[in-house]
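Let's start with one chain on its own, the form predicted on its own, as structure tokens.
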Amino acid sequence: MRIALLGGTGDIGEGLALRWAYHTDHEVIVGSRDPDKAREKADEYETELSSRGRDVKVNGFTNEMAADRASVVVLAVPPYHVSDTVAAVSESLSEGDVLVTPAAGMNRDDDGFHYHPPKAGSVTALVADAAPDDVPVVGAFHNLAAGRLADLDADLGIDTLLVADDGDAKETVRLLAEGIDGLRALDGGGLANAPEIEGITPLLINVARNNDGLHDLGIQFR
């Protein structure tokens, strides 16, 4: 399977790119608004993987070209860029593609981070509103610490929650998620449940900031 990580030069994009390229045989494509930056980061990921005995090719393209080449497209961009990014790549998406969003809206003040959903109710809903009608949206990977994800020496042992209204799309992302060693995907229900899941992200950040030894905090349900 080909996976395009739009904004794949950032923290969460890096972690997912490295994990999928290291733990699976899926083809990873890095997307960016700047093609040179995409190619540069793709080369960096290849070098890191090669140092660990994984000789795999990671390609870098503009977001539009990356989306055109993939069947699963991950919006690894900040929440305030998701609508513009979907609009930019909409003509590159085809029926049957799956669009994945890990973003959560947050504000920060002196007390810490706070959930701040858009008017649509959640970032996942915002993506669903912007996506073409024949491209299902899955909310996933919201609560993963980017640093822990990108550290291939770190054992994950954590869960990710999936929300989607399309069962086949959710199953596709579940299989992709569980292809990463130590990551378990749990069904969080439909897209209407996205606010509850996105709201966990600022909670985890606040706990990590205020407690020693919990910098790369994750969650596990038992």
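Note that residue numbering follows the sequence shown and begins at 1. Treat the numbers as computed from the prediction; the structure is a model and nothing was measured.
Just so it is clear, the following notes concern the form predicted in complex with another copy of the chain, a form of the same protein that is not shown.
Chemist: Any chance 63, 93 and 118 all have a heavy atom within 4.5 Å of another copy of the chain in the predicted bound form?
Modeler: None of them does, since no heavy atom lies within 4.5 Å of the partner.
Chemist: Of these, 49, 197, 180, 173, which has a heavy atom no more than 4.5 Å from another copy of the chain in the predicted bound form?
Modeler: Among 49, 197, 180, 173, a heavy atom within 4.5 Å of another copy of the chain in the predicted bound form occurs only for 197.
Chemist: At 4.5 Å between heavy atoms, only one of the stretches 64-72, 34-42, 182-190, 51-59 reaches another copy of the chain in the predicted bound form; which one is it?
Modeler: Heavy atoms within 4.5 Å of another copy of the chain in the predicted bound form occur in 182-190.
Chemist: Since only the chain is shown here, I'm wondering whether residue 161 would be in contact with another copy of the chain in the predicted bound form (any heavy atom pair within 4.5 Å).
Modeler: Yes, residue 161 lies within 4.5 Å of another copy of the chain in the predicted bound form.
Chemist: Is there a non-hydrogen atom of residue 132 within 4.5 angstroms of a non-hydrogen atom of another copy of the chain in the predicted bound form?
Modeler: Close contact is absent here: in the predicted bound form, residue 132 is far from another copy of the chain, nothing within 4.5 Å, heavy atoms only.
Chemist: Even though the partner isn't displayed, in the predicted bound form is residue 219 close enough to another copy of the chain, meaning a heavy atom within 4.5 Å?
Modeler: So residue 219 counts as contacting another copy of the chain.
Chemist: Is residue 112 close enough to another copy of the chain in the predicted bound form to count, meaning some heavy atom within 4.5 Å?
Modeler: It does: once another copy of the chain is placed as it appears in the predicted bound form, residue 112 has a heavy atom within 4.5 Å of it.
Chemist: Looking at another copy of the chain in the predicted bound form, which residues in 198-214 have at least one heavy atom within 4.5 Å of it?
Modeler: Residues within 4.5 Å: 199, 200, 202, 203, 204, 206, 207, 210, 211, 214.
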